[in-house]
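Two versions of one and the same chain are coming, encoded as structure tokens; call them structure 1 and structure 2.
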Structure 1
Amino acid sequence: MASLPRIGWIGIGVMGRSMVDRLISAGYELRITTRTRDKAASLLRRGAVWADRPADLAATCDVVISMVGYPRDVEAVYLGADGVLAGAGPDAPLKLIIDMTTSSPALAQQLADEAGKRNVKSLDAPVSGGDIGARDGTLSIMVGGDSSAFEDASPIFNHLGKTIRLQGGPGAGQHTKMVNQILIATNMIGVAEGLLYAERANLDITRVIESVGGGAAGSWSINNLGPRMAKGDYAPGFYVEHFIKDMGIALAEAERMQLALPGLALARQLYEAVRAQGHARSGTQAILLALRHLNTAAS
């Protein structure tokens, strides 16, 4: 039986921590790096090995996976002077890079091109499902890249997600994630407005969610984030500031394709208000606060 590939992981955030934990439990050897070593302490105790630089992962790992914040971070960890591809010399074991950050489709194509020059395969594989999906291994993983690279990565993906689809060539995973974020953005407005209506009508919000969540109005957001809104729980499963970043990428791509998306533009405006109220690092369900503030100011 072939041995499991050694995995390098970059970025230990809200979702990344649980994903690494699942891979350790599955028997993979993990080497990890992140900006703040303290964030990795629990995973190091679980047996993961620390690496000082992304370039060091290329010299010791067969596969490198990243989940960082912004496209600029993706560019730095792969293409920077200390980046993964800088360490991918002819004698390095690195065979595959997988960026699971929600990032730019154009950057995904650039990574694939640069990796290919070093005989390294590349996949863009953003995910949906938040902290719950990361913890339970039920993420939806949207993949762009070569079919052979997808086949190589599938055993790893199977420990992290439930719905795993190759969408096309480099960048196709990121484009699919933009579709996902567009759908969520406008849906979140409806979820928050519906619960505000229930609140103003003096209804039991939990009972309302139980009724509507199983009907035609049901969605992941109402069933998973609605209860958090009802409790006043704005802890992040996905950061507001990262959602704003995603909407910005989607709007830029839409403009490039000469596509008008007024609903997405409105959602981004509302989330900018959430950030201005000091909730950049709150969960996306904090949109309720912006709409509640709007109604308070109007009354």
Structure 2
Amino acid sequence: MASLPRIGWIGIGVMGRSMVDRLISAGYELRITTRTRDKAASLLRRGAVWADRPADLAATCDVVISMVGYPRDVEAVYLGADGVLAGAGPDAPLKLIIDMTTSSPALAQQLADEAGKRNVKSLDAPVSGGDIGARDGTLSIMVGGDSSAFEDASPIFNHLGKTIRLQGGPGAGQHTKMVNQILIATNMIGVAEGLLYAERANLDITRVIESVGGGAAGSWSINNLGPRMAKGDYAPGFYVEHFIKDMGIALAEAERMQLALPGLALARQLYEAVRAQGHARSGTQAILLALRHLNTAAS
């Protein structure tokens, strides 16, 4: 591709909006679609072109990228009746699809198979780094697929992320993201239990974090979410309900591989309790509330 490929983008949430914004700034021509058109307004003002259906993107774009919510959404936008692959006829320009949603490795494999039948390459490329990483282009992008597709996508990825790694064939990006979520899930139990212990022992949580955050007990979670817990700030950086989705995918994959992961299973159960207590749309640090509730006299 001598000139910049035309990019179709599906899903304008918090992450998607910032990522599209960066690609427009980098000079790419964007066509976008998302469930609620209003969410695309600011991007349309910047020159992005609206598409009514994912299928239309396949007929007009070289690359389609998705960043949607759940695996069922990924399935719908690629494999549904109005989906991208339904529009990928023999004369369509589409050469590459990239799903950046955190989704299932098995579905990533299925997309690669279905795309391959239409001579379209496929990558799974979930990210970590949150809204700030999306805005600043400092995401970690974990990629699965073949290396020629990875090479084609790299110029685009370079505008979005800082740490960009091809982890293996189709699904390997999603598997890597699952490792990421397993690490966070179990660590979050420890962060909440540690701070609850500190609270009960009448320690000053901020000062405790100063003592423990810089050494072997240190983690992104204790140093970034710990202070929010100390202030009672449960505003979402990452929604509880999305985290539960991710843990569900990881546990299903682990079951498929016949792998017992007792820590992850416990984390999933504790987050079910967080949701049961009304915190589906709180940030993941709300696990402290669930553990405190667990240890509070019932009325």
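Note that the coordinates shown come from a computational prediction; the quantities given were computed from them, not determined experimentally. Think of the rigid core as the biggest set of C-alphas that the two forms share within 1.5 Å after superposition. Counting starts at 1 and follows the sequence of structure 1.
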Query raised in the report: Here are two forms of the same chain; which is the form predicted in complex with a further copy of the same chain?
Result: 2
**Report entry** Core fit, then residue 194 C-alpha moves 2 Å or more between structures 1 and 2
**Finding:** yes
Query - Displaced residue check between structures 1 and 2: residue 287, CA, 2 Å or over, core reference - result: yes
Report task. Align on the rigid core first; then say whether the Cα of residue 71 has moved by at least 2 Å between structures 1 and 2. Result -> no
Query raised in the report: How much does the C-alpha of residue 224 move between structures 1 and 2, in Å, when the core is lined up?
Result: 4.2
**Report entry** After superposing on the core, C-alpha shift for residue 235 between structures 1 and 2 in angstrom
**Finding:** 3.9
